[in-house]
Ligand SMILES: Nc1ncnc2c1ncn2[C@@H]1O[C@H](COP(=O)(O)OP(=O)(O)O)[C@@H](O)[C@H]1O
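So this first bit is one chain, no partners, the form predicted alone, shown in structure tokens.
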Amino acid sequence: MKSGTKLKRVQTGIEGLDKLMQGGLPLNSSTLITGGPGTGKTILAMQYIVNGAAKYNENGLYVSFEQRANALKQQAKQFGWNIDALEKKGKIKLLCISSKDINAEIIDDIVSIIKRHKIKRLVIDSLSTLTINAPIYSKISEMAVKDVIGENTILYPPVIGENIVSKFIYAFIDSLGDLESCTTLLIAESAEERVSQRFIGAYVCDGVIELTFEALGGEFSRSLLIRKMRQTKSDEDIHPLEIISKGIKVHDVVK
């Protein structure tokens, strides 16, 4: 970023979150939302998409490799978010892909939808599932095992290993950075992180926001920590997080 150039930001519209990042996510950035089950990752990501459509007139795409569209819509209804209405207006698009249908063209397919529908906000749910089911797109001629397999052989992560999975995840996240004015959230299960997720996903993404859940019996059992955020200063404290009737609310730290 050139000196004197004001950083463009994308407001999440989530109460208490944007001020922790000096007003919002850097435009065209990719942020990893990581945490164990029940921490609120999907709610936060869906709220980001809904707020974009309803509050900021920005088209959103929610890509899910784990849940069906009906399940996502039912979850959204709990917070008063009418996904059907926003879909009819062309403001939100849900793309639900079964893990068995993940293939080497998935990157191009998503990029094509983003360009065609002028998507400004993107959610990938989740990087965990994508990692486990990552297709191998490398040419056989580029692999060390080329002398023992045929040119048309299809290989998957259990056969090739983490280095090829890492290459796919790196290329996937890197391709999102080439999209002008599209700001991305990627969800990952921290409790089940694979090596490629920890060192590739968290490294390649511009930001990492960690959500935690601890059943301690206190007022707040969930919390949020911004572990990193390129291009902008971010709050380094652990903040209480609450799931309320309208979605996620991030509280100030009590000192």
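Note that the structure is a prediction, hence the values are computed from the model and not measured. Residue numbers here begin at 1 and follow the sequence given.
Below: the form predicted together with this ligand, not depicted.
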| message | Taking any heavy atom pair closer than or equal to 4.5 Å as contact, tell me whether Thr39 reaches this ligand in the predicted bound form. | response | yes
| said: Can you tell me whether Gln78 touches this ligand? I mean in the predicted bound form, with a 4.5 angstroms heavy atom cut-off. | reply: yes
| With a 4.5 Å heavy atom cut-off, would you call Ile243 a contact of this ligand in the predicted bound form? | yes
| request: Indicate whether Ile43 is a 4.5 Å heavy atom neighbour of this ligand in the predicted bound form. | output: yes
| said: Please pick out the stretch from 225-233, 29-37, 47-55, 202-210 that is in contact with this ligand in the predicted bound form, where contact means heavy atoms within 4.5 Å. | reply: 29-37
